[in-house]
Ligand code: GYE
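Given next, in structure tokens, is a single chain: the form predicted on its own.
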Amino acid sequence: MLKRISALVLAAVLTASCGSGGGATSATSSGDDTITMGFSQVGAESGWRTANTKSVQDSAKNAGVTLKFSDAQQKQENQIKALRSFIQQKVDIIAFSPVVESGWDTVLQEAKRANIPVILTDRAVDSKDTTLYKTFLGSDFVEEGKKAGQWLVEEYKSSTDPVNIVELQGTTGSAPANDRKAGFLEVVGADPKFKIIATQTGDFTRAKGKEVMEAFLKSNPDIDVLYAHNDDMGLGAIEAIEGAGKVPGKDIKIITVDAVKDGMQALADGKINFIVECSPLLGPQLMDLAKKVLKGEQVPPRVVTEETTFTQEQAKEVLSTRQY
């Protein structure tokens, strides 16, 4: 029934679209019919991602949305297969968090031809054709990198000595890895005393963060600062730093991104020095956007989540109330 109604109102919906160029909507304007959403998640590589998945699943249930969920296990080919499966199942709307930024145009064109609107969550794609998706909901990763860099600049403002930095990057080619690096470099690159002496991906996982940090410590005896693109890699690095007989937070200052509970605990304990928040609780906003898109309402092409930063004292104040 939902699809027949969609066909009948095709012309009206195209006129009412916000100009993103997507196909027809597939829910009635009254919103009475059940919405079926296909959602493809990156994986379960971190505490952040687990909390993000739970937020989407819980919010779908609360909003009366039927959710078809797929875990890509951090592989783009798995995610493309999932999107094509959603198209074949004729879901009403697709949402996904892209594993990497590039390589999506073909499958998104298939969704567009099937008149299934797409919402990007958490991560963007680098397609020049912005008609392939309705909106992007997520954090400003460049701004997160800038916040990390600004804290570091302030921390060392009275010092003229070189500051040796190692960087644990997120998954190669992913939007948060690219943007968190770019934002950080934009700030610290203005002062030549800040030197990034080693940088390598830790795939956003605790185990890989530990492994790479162990290698950093062996090849670079004089490390002043670790910048990790997420808390989990930073937590793995802490194990490596302690294993090398050094004190995390003192011998090596640590900056991370996310503010998951384990990371916040390490910050409160003084093992991490500064965390830039990246909230995973996107579910309620996603369901709201999906309903608006399917009613033909205008939605902004970019929806940025509101986030903050935490020092040790701030972490102690809010730790007991963290939801993830």
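Residue numbers run from 1 along the displayed sequence. Fair warning: this is a prediction, and the values are worked out from it, not measured in the lab.
As for the form predicted together with ligand GYE, it is not shown, yet the points below apply to it.
Heavy atoms within 4.5 Å of ligand GYE in the predicted bound form are found in one stretch of 40 to 48, 294 to 302, 63 to 71, 263 to 271, which is 40 to 48.
For the residues 123, 181, 206, 112, the 4.5 Å heavy atom test against ligand GYE in the predicted bound form is passed only by 123.
A heavy atom within 4.5 Å of ligand GYE in the predicted bound form is found for one listed residue only; from 141, 86, 227, 96, this is 141.
Using a 4.5 angstroms threshold between heavy atoms, residue 145 stays clear of ligand GYE in the predicted bound form. For residue 286, no non-hydrogen atom is located within 4.5 Å of ligand GYE in the predicted bound form, even though that partner is not displayed.
Heavy atoms of residue 290 never reach within 4.5 Å of ligand GYE in the predicted bound form, leaving it off the interface. Using a 4.5 Å cutoff between non-hydrogen atoms, residue 202 does not count as a contact of ligand GYE in the predicted bound form. No residues of 70 to 99 lie near ligand GYE in the predicted bound form, the criterion being any heavy atom within 4.5 Å.
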